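Just one chain follows, in the form predicted alone, and it is written as structure tokens.
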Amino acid sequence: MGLGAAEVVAVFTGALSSPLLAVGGVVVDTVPAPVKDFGIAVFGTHDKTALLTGTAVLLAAYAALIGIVALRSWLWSYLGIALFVAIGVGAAVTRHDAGAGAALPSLVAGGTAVLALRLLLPLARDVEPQPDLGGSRRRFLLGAGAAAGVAIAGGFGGRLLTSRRAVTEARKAVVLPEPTTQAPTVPASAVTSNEDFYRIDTSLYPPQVDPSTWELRIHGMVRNPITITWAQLLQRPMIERYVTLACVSNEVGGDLIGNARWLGTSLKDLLDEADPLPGADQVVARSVDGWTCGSPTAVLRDGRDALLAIGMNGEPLPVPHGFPARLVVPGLYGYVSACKWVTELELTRFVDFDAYWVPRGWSALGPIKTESRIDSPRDGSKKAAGDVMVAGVAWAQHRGINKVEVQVDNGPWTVASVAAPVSVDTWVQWSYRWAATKGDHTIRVRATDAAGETQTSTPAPPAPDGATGWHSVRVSIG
């Protein structure tokens, strides 16, 4: 009941002030890197749902424990509720840009929990000494059922009201400007839809940023600090580009990669206007929720299509992907470049500041490695003997792919057919027609980028700077 009441209050104090999301956010920020990596490896893009579900289950068990303790001692049950409130308040008020009002949901939750305990405890005591009395048991079950109903109604009702207060309507009202240069037409199979595009970030609830109040501040080691409003951003020249983004957490053969058509303005032009000072080798991008990533200044200014993006696949950025604005930088893993809900660009030095993931054991520099993946046939699949089409994607953003090779069992490497690339900043699709014979076979793939570097066969985990190795699948031919 306390959590349900807190969700209703959080409609007015901000979704991230609810105890569940506030504590979850602290867990995300403080859990050891190996635990976080394990969560991503096991749950993938559902890691946040798993965290919130697990937290809710633990709180349910904690609430049950408080109820059991209360049958023996009021004092200890009150202390148990006080501990719940203290953790919720502490988590909420220490979140980025949280005000004193962030404590209110947890305080209301504590008061509601005490009230629920006082209402239910007499009913439980009636049952405890005489468990065979049907009337007492029915009264307790009815009271507990009513409490559960209030809790569920408060929780789901609060979350529904929160979603209605979101920026959905503001996003619908956005009219994207026409690009000065448009992206070419590409096959639909080469593009990842907004719904299917992977999402890996630290936010348990996507920040709701009203574009009418959004600003981007460029400051730090610059000669000309500037602030850009949403209206001013829409007046800037916009370009449209296909860029493939990849997460550094992607395992070999994994799906934490996607290709989309982005609309945005040049980051190089923005930085040139701010005029960085000598020595400012890092651009720290800050999200509205305080998350940071650090990109090499030279990379953002070397002429590649690094964008402050506002559109994705022909529509305004989806809220989970950074609405109203985010960074898109070809050739860098997302953890050092793809800041969503961005509100600041600070020019600084790598020796002076470590962005969010660096103290957690990841490399400060995150150039994307040359990689490839087999999408068909799937691992463990069965096929008939004869011609079998082997196909997948390969990528080496901002370098481009020179060739893709396929190996069956331990035979020779054979060059696959590679579709015409959209640009050096996107993945390429490849295919190989295999004359399959009966038996169990292992198929491997490797790619060589335009610089002549072939991806290594040495397996390595994602940490600290991206996984390596050849993707392989096992197939049975009958």
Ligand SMILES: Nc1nc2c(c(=O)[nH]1)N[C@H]1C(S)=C(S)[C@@H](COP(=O)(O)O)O[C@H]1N2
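Everything numeric in this text was worked out from a predicted model, so none of it was measured. Start at 1 with the first residue shown and count on from there.
Below, we turn to the form predicted together with this ligand, even though it does not appear here.
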Since only the chain is shown here, I'm wondering whether I200 would be in contact with this ligand in the predicted bound form (any heavy atom pair within 4.5 Å).
yes
Using the partner position in the predicted bound form, report whether P330 sits within 4.5 Å of this ligand, counting heavy atoms only.
no
Does the 4.5 Å heavy atom contact test between Y242 and this ligand in the predicted bound form come out positive?
no
How about W291: is it within 4.5 Å of this ligand in the predicted bound form, going by heavy atoms?
yes
With this ligand left out of view, choose which of R304, R326, R171, R373 has a non-hydrogen atom within 4.5 angstroms of it in the predicted bound form.
R326
By the heavy atom within 4.5 Å rule, which residue out of V388, C247, I218, V85 makes contact with this ligand in the predicted bound form?
C247
Look at the stretches 398-406, 116-124, 184-192, 335-343 and give the one with heavy atoms within 4.5 Å of this ligand in the predicted bound form.
335-343
